[in-house]
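The data below hold one chain only, encoded as structure tokens and taken in the form predicted on its own.
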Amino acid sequence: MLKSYIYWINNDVRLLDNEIFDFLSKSGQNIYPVFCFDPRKFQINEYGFKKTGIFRAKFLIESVRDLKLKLKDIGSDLIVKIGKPEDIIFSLARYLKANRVFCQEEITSEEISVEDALYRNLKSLNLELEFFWGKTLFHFDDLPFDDIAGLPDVFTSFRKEVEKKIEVRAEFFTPEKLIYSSDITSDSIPDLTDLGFSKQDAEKCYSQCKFIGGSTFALQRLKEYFWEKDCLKEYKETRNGLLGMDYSSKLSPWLANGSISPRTIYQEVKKYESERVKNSSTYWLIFELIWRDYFQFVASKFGNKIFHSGGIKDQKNHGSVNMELFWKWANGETGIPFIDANMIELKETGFMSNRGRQNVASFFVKDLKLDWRLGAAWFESMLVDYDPCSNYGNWNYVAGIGNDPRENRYFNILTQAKRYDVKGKYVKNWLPALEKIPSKYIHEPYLLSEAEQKYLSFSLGEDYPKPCFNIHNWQARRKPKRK
């Protein structure tokens, strides 16, 4: 008689390069893949907005649907449930008289608390919750340190160590067959309205979001960006872009929920290097994967400190929770065009460039002097590619309480805007009210005289907000010192 194995799927919604599926396909046992839509992830947070916003919710629904279709193609299925995983997986294990239960090991506290609760529940059935590692390019067990406490606190030191001492493990291939025999009733995959979003917002989301969830579309994007459009060879030169889909790989949404693994991307880079070209751009994409790894391991080393006010440095947080000022930032109404354009792109699409993220986060903390955790929570809600380690690690970094070896790093917003949006095309794309503003004023429309505004049929304060803080003090503070 076949044994019953349950695989609780969380942030690993793929068949390709999934060690658990590889192991289970070779076991010869009855396999029950399960995905749980946990209602806690869609609740309103302490600041008054959803923990998981509509763009990532849509992307997750599509990813689960894609995995279910792929499992059916190999003779299996995906059991979908709505509820707390620690209760659902436990109930299924008891009903099926399961012999083993597997999951991917997570890193951050909310996910670990669910794992711990399930672990305790399974103990009453004399079952262990068995973990596999599958989130990073470099396997946790291969790190060249005695333990995670030895992880360097500076990224460059980490990168040099892992590049010198670790080889990326080989991919696990997609299983050809899984044994599946079940009378378990699966819930329907929920739609956005089932998760608490309005029908109107759902329709708008589907029309505006650039990304479709699921490993099918992840691999399609990989093929398109690398091979069809041949963008990888110029990645280092274009990665600071702002407009369009192809200035960067845009693989982060699929990486974030495990629709694709970093190893799959790495191997495709290596294939590209052998068949097309090997240059600084191909290396730089691998470099970015290593950056992503670093934040995963930093979160493992420091635990909940990445979420604390003082970050991993335990420093005092001087930021305030001013919700009126926060909403001006979140809604793109600060009166600083480069900031507002980025925030409106995020609000309307669920995505923002890496350059934009650095600038709006620095502005939030250093100029508006708001509590960084509020900004990080907004990113958590809005970003289609949200990952707790990368998001909170980067906010720690920008706020000066993380892994930045440079003290008091500051992004001069006007300098950044004029460097990366020279003619204001990006700003005008997202702020049509500024479409008629000459390029020399596009990043500082508040410098226009009343006569110039009248000539342009433009009114600061009516057509576009006035700066939400004392702009004159801000300008004076940012003037370079005379030598």
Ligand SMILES: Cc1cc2nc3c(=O)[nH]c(=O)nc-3n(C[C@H](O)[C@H](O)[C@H](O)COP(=O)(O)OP(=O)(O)OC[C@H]3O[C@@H](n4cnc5c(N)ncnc54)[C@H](O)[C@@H]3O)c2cc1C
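Values in this document were obtained by computation on a predicted structure and should not be read as measured data. One rule holds for the numbers: they count along the sequence shown, beginning at 1.
Keep in mind the form predicted together with this ligand is missing from the figure; the text below concerns it.
- With respect to this ligand in the model of the complex, the three residues Leu255, Leu289 and Met352 uniformly fall within 4.5 angstroms at the level of their nearest heavy atom.
- A heavy atom within 4.5 Å of this ligand in the model of the complex is found for one listed residue only; from Phe102, Phe379, Phe172, Phe363, this is Phe379.
- Proximity to this ligand in the model of the complex, taken as a non-hydrogen atom within 4.5 angstroms, holds for one residue of Val80, Leu383, Leu222, Ala299, which is Leu383.
- The shortest heavy atom separation between Leu242 and this ligand in the model of the complex exceeds 4.5 Å.
- Using a 4.5 Å cutoff between non-hydrogen atoms, Leu251 counts as a contact of this ligand in the model of the complex.
- Trp395 belongs to the set of residues with a heavy atom inside 4.5 Å of this ligand in the model of the complex.
- In the model of the complex, this ligand sits beyond 4.5 Å of every heavy atom of Glu115.
- The stretch among 189 to 197, 150 to 158, 303 to 311, 386 to 394 whose residues place heavy atoms within 4.5 Å of this ligand in the model of the complex is 386 to 394.
- Residues of 357 to 375 lying near this ligand in the model of the complex, listed in sequence order, are Arg357, Gln358, Ala361, the criterion being any heavy atom within 4.5 Å.
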